[in-house]
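Shown next as structure tokens: one chain only, the form predicted on its own.
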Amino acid sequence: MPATTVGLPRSLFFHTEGTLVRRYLEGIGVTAVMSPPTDRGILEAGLSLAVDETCLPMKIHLGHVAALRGKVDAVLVPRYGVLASSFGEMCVKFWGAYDITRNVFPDLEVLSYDVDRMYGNRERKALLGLGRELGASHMAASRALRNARREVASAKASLVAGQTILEAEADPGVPRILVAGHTYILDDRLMGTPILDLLKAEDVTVLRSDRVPDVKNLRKRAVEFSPGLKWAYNREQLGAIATMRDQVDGIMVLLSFPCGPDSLVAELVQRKVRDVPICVIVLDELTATGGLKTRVESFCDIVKMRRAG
């Protein structure tokens, strides 16, 4: 019998694709249940399930799956591999999240859908296949997906427009800081939110790399840092920095330990951006709020003094 209640871990893909998937599932009559926002308990659960070398977002992901265990018929963990030709590849944790989840939770039913251009699996085709697996007709699944995409496109446009308005209306005398990081870090209650809150308390205008307009152009501009960079999210991140470097007074790069692509991005930014102060913050399970507060305050002081001349 198809699952009638499907859990969505509030991790990894959720922060960019979760709203689309949730609306789609609801549109075909499936109840979608999200795990709660990340807290220390979810992180601790993930730490107990992952090997030490696992990156922080994957540890958090496993904690979110554990939080859904026993509350739903199945948990959805998609696989994102190679996107459209101009987009690049996803990080390996997106390739392996489904298999890792199944191995860590052998008694849990794990649903998936596979988005991978190498095998002709585009997102629409993959989601319609998931709909059939869950008992929906092709017509019902197509209609639900169309409606979900329309709603999500509108919501994403509002976020980007909101940042554009923030830039336009911000006090020109207030320093602007670009926070460069992945959405699954910036939107996470435990990883990104504390840093964004600390910055907002420092009387600076906070801009996010994942809300810079024109994603396709960002991916093209990434070549200014590295012509051969293949990871899609990192290309967007570097493209946002290339676009905004002349419009901001400081750049804060957030990365999770021990992410190889993120470490490479941080190194490229520090080597090639010489005219704007840069702060790199590496997040792991030992990161304390007190230490973050000191670093954020110190960086903002540097940015303000430099701007004051």
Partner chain sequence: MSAPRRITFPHMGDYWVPLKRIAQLSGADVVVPPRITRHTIDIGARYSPEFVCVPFKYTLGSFIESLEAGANVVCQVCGGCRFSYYAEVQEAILHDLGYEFEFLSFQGGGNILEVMLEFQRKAAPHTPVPKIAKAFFDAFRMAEAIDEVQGRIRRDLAFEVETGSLRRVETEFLRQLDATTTPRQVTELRQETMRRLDEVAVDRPERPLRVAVVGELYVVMEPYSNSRIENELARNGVEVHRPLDLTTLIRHSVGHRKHIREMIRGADPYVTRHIGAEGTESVARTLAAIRDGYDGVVHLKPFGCMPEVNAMAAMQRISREHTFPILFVSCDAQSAEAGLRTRVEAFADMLRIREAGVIDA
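Numbering follows the first chain given and starts at 1. Since this is a predicted model, take the numbers as computed values, not measurements.
Below: the form predicted in complex with its partner chain, not depicted.
Between its partner chain and the residues Ser226, Asn147, Asn217, Thr193, the one pair within 4.5 Å by heavy atoms in the predicted bound form involves Ser226. Of the candidates Ile278, Val282, Met34, Leu43, Val282 is the one whose heavy atoms come within 4.5 Å of its partner chain in the predicted bound form; the others do not.
For its partner chain in the predicted bound form, the listed stretch (123 to 131, 208 to 216, 183 to 191, 227 to 235) containing residues with heavy atoms inside 4.5 Å is 227 to 235. Proximity of Leu268 to its partner chain in the predicted bound form falls within the 4.5 Å heavy atom cutoff.
Within 4.5 Å of some heavy atom of its partner chain in the predicted bound form lies at least one heavy atom of Leu264. In the predicted bound form, its partner chain lies farther than 4.5 Å from every heavy atom of Gly27. Although the partner is absent here, Ala155 is not a contact residue: none of its heavy atoms lies within 4.5 angstroms of its partner chain in the predicted bound form. When contacts are defined as a non-hydrogen atom within 4.5 Å, none of Phe13, Gly70 and Glu109 contacts its partner chain in the predicted bound form. Along 141 to 160, not one residue places a heavy atom within 4.5 Å of its partner chain in the predicted bound form.
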